[in-house]
Ligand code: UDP
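Just the one chain here, laid out as structure tokens, in the form predicted alone.
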Amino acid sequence: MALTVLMNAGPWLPVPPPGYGGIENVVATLVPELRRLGVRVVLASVADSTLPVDELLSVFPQGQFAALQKPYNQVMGIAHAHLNAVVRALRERDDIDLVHDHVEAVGLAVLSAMGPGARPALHTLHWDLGKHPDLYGYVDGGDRVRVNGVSAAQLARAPRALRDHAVGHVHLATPLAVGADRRPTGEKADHLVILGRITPGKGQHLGARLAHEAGFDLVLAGPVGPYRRPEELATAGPEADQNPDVRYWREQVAPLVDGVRVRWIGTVAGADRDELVGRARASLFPLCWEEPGGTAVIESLALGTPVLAVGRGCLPELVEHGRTGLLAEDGDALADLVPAVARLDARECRREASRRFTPATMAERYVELYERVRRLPATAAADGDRTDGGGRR
């Protein structure tokens, strides 16, 4: 395929990231499969990104994620400096056919402002679409800028102006899904796990409370703000409290973490993550928000671990109740479902992951969207939010 895509991952973390990094992990999963399909990829990231690409475009030598804990007026120029380099490349080069943008808010705003003569762009929405009502309520990318969601539920909650730019949604993928249906089932331990960034929407405070009340062991795995390990947070200075996730941890989660019934082990990745999740009785998602994408959900299924979750956001799209997991109406109802998790078959979880959530499936879908964005007339955009991740109507 003679197509060159500028993949804008942003300035916050390298690709792939060293542990947690939702958007950067999505990019790291997508790009190799795009290149396998013949797409040439120019990656706009930070200089210490190690993902094999055709070309790397960077402003910052390292990821700027730690700066996000500082006041906005001290860090507001970081994303703009990165986008300035992207715009300059688009103006100075004629070999880029399309921009695939992943930079929250700023990416969509800058690309839309470039006007009708600029390259077509697809902006992927990875987050809660209620966050930026002033942008999403009035966005106008003309005939050139389109958006896609990471679930149908996410796009359904989008403001009308944003939905009018939508060309559909693409469910996330994980390399763990490749060959998952052929992987042997290992022995399960007694713990449940919550994998992901520790933040109010993920509901770690609720999961920890339920663990104590219902008597199950729970492992929390993920960063608190920029702090990847417990010892890093323990030695952080008073400036750490400027980060809302740190305040959430200290006020609502840490009092319930006793090191026995509930443990926090920090960020895990690679084989350590696979071992932790693969041996868990279930992955717990006591969600307090409308989860848009659910990377940890599909990773759990690929590792043969059923999902126990509040059925909010994308969860009903990813989990088949009674087959690959159990969905509750609210957090308090989750505890009653814990004993039933043992009746679910790990092989069914793996089969579903290998069928729906492989990187190849995601890449093929994105290539379809790239071609659609390049040729789609403005009047057809509103039809896109009725197309699911598999191309079905």
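All residue numbers refer to positions in the sequence shown, first residue = 1. It should be emphasised that the depicted structure is a prediction, and the values quoted were computed from it without experimental measurement.
Note that the form predicted together with uridine-5'-diphosphate isn't included here; everything after this is about it.
J.: Decide if the three candidate residues 9, 31 and 123 all line uridine-5'-diphosphate in the predicted bound form, where lining means a heavy atom within 4.5 Å.
T.: Answer is no for this spot.
J.: Taking the partner as it appears in the predicted bound form, which of 268-276, 255-263, 304-312, 78-86 has residues with heavy atoms within 4.5 Å of uridine-5'-diphosphate?
T.: Selected range: 268-276.
J.: Considering 296, 218, 162, 287, which brings a non-hydrogen atom within 4.5 Å of uridine-5'-diphosphate in the predicted bound form?
T.: For this set of options, the contacting one is 296.
J.: Of 99, 224, 211, 195, which residue is found within 4.5 angstroms of uridine-5'-diphosphate in the predicted bound form when only non-hydrogen atoms are counted?
T.: Filtering the options by heavy-atom distance leaves 195.
J.: Does at least one non-hydrogen atom of residue 14 fall within 4.5 angstroms of uridine-5'-diphosphate in the predicted bound form?
T.: Result no; residue 14 lies far from uridine-5'-diphosphate in the predicted bound form.
J.: Report yes if any heavy atom of residue 202 sits within 4.5 Å of a heavy atom of uridine-5'-diphosphate in the predicted bound form; otherwise report no.
T.: The answer is yes: residue 202 has a heavy atom within 4.5 Å of uridine-5'-diphosphate.
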